[in-house]
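Okay, so here's just one chain, in structure tokens, the form predicted on its own.
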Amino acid sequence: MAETGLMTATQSQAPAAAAAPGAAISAQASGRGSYWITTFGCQMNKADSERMAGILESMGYREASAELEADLVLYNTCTIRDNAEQKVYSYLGRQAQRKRSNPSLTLVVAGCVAQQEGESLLRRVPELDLVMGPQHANRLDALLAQVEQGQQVVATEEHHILEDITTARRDSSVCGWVNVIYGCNERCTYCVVPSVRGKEQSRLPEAIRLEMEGLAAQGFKEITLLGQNIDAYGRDLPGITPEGRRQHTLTDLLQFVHDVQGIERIRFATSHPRYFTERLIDACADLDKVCEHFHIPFQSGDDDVLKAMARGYTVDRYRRIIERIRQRMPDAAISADVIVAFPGETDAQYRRTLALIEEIGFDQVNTAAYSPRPNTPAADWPDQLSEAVKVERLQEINALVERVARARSARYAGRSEQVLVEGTNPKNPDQVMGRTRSNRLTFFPAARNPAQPELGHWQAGDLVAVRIEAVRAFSLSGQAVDR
């Protein structure tokens, strides 16, 4: 999902999937008790949380039924915007108070706030046991071993991310994240991610394919390849082709993993317009498992603002990318990220962003008002815009995004769309929900055929043809036509 600088802070508890066989027994045997993970931020954080949950369960912890009952509480944090960071401190205050009356509670802050603040977090919240940056997610067991020896640990030094041999506790049994590149080498003037997630580190394609094969063997049907800047995949790996180009690119990776048996769909995120190539577009059009959905942040519709952001492309370059995608895949869904009220952004520049949204016709746009972040150039610029301007522009652009998305959704009415069932609609147990190849959330009746109850219900992992009967800005509803 989300491009640096744009992620709204989201919260999710640790995955609710069934524990591995024997996990409860080993938890009782170890006496380590229960854990709770709260995740803020982007898909990378969610993938990190799944791996850390897997490590905790391999150590003998079991998932708690409630946050305030857990013996170990871990907050995997996001620092993209100030409100996400402040929310973390609010949660920490509650747990710090709890720890004062229960010293055996283990309190962990992981992720980007941990990396950014380091030891200063201990001064602000002395009750913390472990502060660990995102590069250390796979070392959670070793770091907790130090905590168990009575140490208060801060792990924020630059660390080479060794190939992940942990077993993640997946949030879904159908759709899985697979990290392909960690870190980011870009220097966008608003973004703190490179300083908290470190330099780019690409995984070897053989390791990525092996992980995908393992997920396929477990019944996963869809894989999302993840990277903070996924189009940069492989540029830190050695190798040049006889034609003189890099041997390892995202295009090459997609071709290498495309034939993994059992995987029906492949997605990737997040892209950067500077590195999005025509060769990649052609490969996506030719590889039938790659879904017709592209998340390509544009951030602003004005060239001068893009230059101030140090994004490295122009609006015209962005337009040409979208034009090429739609030439090869006319029905492809396009989503993006945008920042409004960047320092110095004039009303005319902001209006160009609105015009670009209408011109492109995005299926979805994640919007955010600019938020100054520590140790980024833009935070110190004198031409900061007022909160009133930020609120006004954000409200206006959100209304436009919804209107454009609703217009884009209209094309689905009456069509039959392939939907991968992900589970039951939590708001209506008589419905299941899943996503089209273009990433539209879709709801339809859980019964395979109401007239033949013996056929049972659609299950997670089923691929179902659904006739779309109702369209909304960001979701669809219909009836299954598979029998």
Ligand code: SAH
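Just so we're clear, the structure is a prediction, and the values are computed from it rather than from any experiment. Just count from 1 along the sequence shown to find any residue number.
Although it is not shown, the form predicted together with S-adenosyl-L-homocysteine is what the next lines describe.
*Asks:* Given that S-adenosyl-L-homocysteine is left out here, which of Ala137, Cys291, Val109, Val338 has a heavy atom within 4.5 Å of it in the predicted complex?
*Replies:* Of the listed residues, the single hit is Val338.
*Asks:* Just give me the single entry in Ala168, Leu128, Cys191, Val73 that has a non-hydrogen atom within 4.5 angstroms of S-adenosyl-L-homocysteine in the predicted complex.
*Replies:* Answer to the contact question: Cys191.
*Asks:* Can any non-hydrogen atom of Gly133 be found within 4.5 angstroms of S-adenosyl-L-homocysteine in the predicted complex?
*Replies:* Because no heavy atom of Gly133 falls inside 4.5 Å of S-adenosyl-L-homocysteine in the predicted complex, the answer is no.
*Asks:* Would Gln364 count as a contact of S-adenosyl-L-homocysteine in the predicted complex, using a 4.5 angstroms cut-off between non-hydrogen atoms?
*Replies:* It does not: once S-adenosyl-L-homocysteine is placed as it appears in the predicted complex, Gln364 has no heavy atom within 4.5 Å of it.
*Asks:* Does S-adenosyl-L-homocysteine get within 4.5 angstroms of any non-hydrogen atom of Thr224 in the predicted complex?
*Replies:* It does not: once S-adenosyl-L-homocysteine is placed as it appears in the predicted complex, Thr224 has no heavy atom within 4.5 Å of it.
*Asks:* Within 4.5 Å, heavy atoms only: does Ile80 come near S-adenosyl-L-homocysteine in the predicted complex?
*Replies:* Close contact exists here: in the predicted complex, Ile80 approaches S-adenosyl-L-homocysteine to within 4.5 Å, heavy atoms only.
*Asks:* Just one of 280-288, 140-148, 368-376, 88-96 has residues with a heavy atom within 4.5 Å of S-adenosyl-L-homocysteine in the predicted complex, so point it out.
*Replies:* In the other structure, the partner sits against 368-376.
*Asks:* Is every one of Thr270, Pro297 and Arg311 within 4.5 Å of S-adenosyl-L-homocysteine in the predicted complex, counting heavy atoms?
*Replies:* Heavy-atom distance to S-adenosyl-L-homocysteine in the predicted complex: all three under 4.5 Å.
*Asks:* Only counting heavy atoms and a 4.5 Å limit, does any residue of 384-418 reach S-adenosyl-L-homocysteine in the predicted complex, and if so which ones?
*Replies:* If the 4.5 Å heavy-atom criterion is applied to S-adenosyl-L-homocysteine in the predicted complex, 384-418 yields nothing.
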